[in-house]
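Take a look at this single chain, the form predicted alone, given in structure tokens.
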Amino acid sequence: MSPRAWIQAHKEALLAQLVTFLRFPSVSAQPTHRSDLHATATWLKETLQGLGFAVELLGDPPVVHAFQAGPPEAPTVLFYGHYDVQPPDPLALWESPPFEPRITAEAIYARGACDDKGQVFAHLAAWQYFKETLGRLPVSLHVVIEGEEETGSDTLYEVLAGKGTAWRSDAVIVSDTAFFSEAFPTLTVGLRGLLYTEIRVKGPARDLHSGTLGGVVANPALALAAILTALKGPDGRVRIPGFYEGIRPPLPAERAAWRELPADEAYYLSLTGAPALAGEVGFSPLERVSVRPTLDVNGLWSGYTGPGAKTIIPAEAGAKVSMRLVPGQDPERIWEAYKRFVMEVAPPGVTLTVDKLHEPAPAFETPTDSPFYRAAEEAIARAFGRKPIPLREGGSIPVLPALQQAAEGAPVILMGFGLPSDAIHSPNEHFRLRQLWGGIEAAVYWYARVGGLSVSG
């Protein structure tokens, strides 16, 4: 049976499985969901065992590691994904409960629907296809699905340090990225790195009456505003000394491929819903979201924010600030320069702490000349009807270099099926059903092609 026919015959059962997976509130950033992470890992263990894998749960929260041997002459593949999800806040903006999946004619809505449970499930379904139609996988397969990707992958790094050498593979496959659009499939060939920090500004020992004592102490909220304003100029360029040193520009062949994409200002205005675009002067919107670094405020707090008035000078203020980094930038050097700069521009009268919330990650690139990449091109073209365009993505998967090291330098294939409009990390996250079904089909074709198996279309 062809993959497409098999998917058509199993759609109802597949959606029911995915709904079960999405119902687990596996939020790694919130300690109250620790038991939910364990429950999700247990469900994955039982599901993989049902597909013929030997499975172990490693660490806390568990890293799910499974293995199934393929034919003796077949290559070994390492699949990586994550079962943890972002916090669903703000809940009031969801049109349906984030952990009660809602299915429409076009999409499935839930936290994790695209990032990354839906995309992990596309591979689970592909492995089920091989079990039912072939009785085995066409490759030997390590499966690694972690529960802390959204919060730094600490447990997976520990597991890799202890067991990673046993996971040697010929290729690594990851589905945690996106197409440019439904009409323009893309294969991700690079990801930006990530430096995530927190700034805390402290002033008086307690909140003060802004009338009685206003005018004699520095206001931490205003001090924080001055610091954040100093980090970036009106031209969109980051002012940290040395921030742009060493950046490698994209190759001419990459720029030529991008010209096929309708990546104009109207596209990004439609995608974001913003009244106007902003960013680094002198670069196109596509360059700004893929091959240029950024600095953004991800969270901001201070003082009284409830209804009505409360006239205080707040005792402290805080901000979460992240930087997306591109090839050529040194994350550790930028961290040190950033910390010095923040301290230097801080106004007098306050004290500062500047912390990194997890280890900085460099940008990641993957080659396009391996047979595994060519198999991904072919798989997407067969499943979605158009050859994918190679494209860098602005997001980050910091653990990829460590996984690649465990696989002894094997090429990493970033074959994601999401869309930029899927609202990942936002209310009403969803996964288009066309992308889900196409993703399952493409995964089948990829494993078959890598394993030297012919599968009818």
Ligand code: BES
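In this text the structure is predicted, and so the values were computed from the model without any measurement. Sequential numbering from 1, following the sequence displayed.
Separately, the form predicted together with the named molecule exists; it is not shown, and the next lines address it.
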Proximity of Gln68 to the named molecule in the predicted bound form, heavy atoms at 4.5 Å: no
Whether Ala178 contacts the named molecule in the predicted bound form should be assessed with a 4.5 Å heavy atom distance threshold; does it? yes
Is there any non-hydrogen atom of His82 lying within 4.5 Å of the named molecule in the predicted bound form? yes
Taking any heavy atom pair closer than or equal to 4.5 Å as contact, tell me whether Ala406 reaches the named molecule in the predicted bound form. no
Here the chain is shown alone; which of Glu254, Glu150, Asp330, Glu377 has a heavy atom within 4.5 Å of the named molecule in the predicted bound form? Glu150
Single option in Val27, Leu391, Ile424, Ala410 placed near the named molecule in the predicted bound form, where near means a heavy atom within 4.5 Å: Ile424
Candidate stretches 191 to 199, 158 to 166, 362 to 370, 263 to 271 - the one whose heavy atoms come within 4.5 Å of the named molecule in the predicted bound form: 191 to 199
Even though the chain is shown alone, can you say which residues of 105 to 139 have a heavy atom within 4.5 Å of the named molecule in the predicted bound form? Asp115
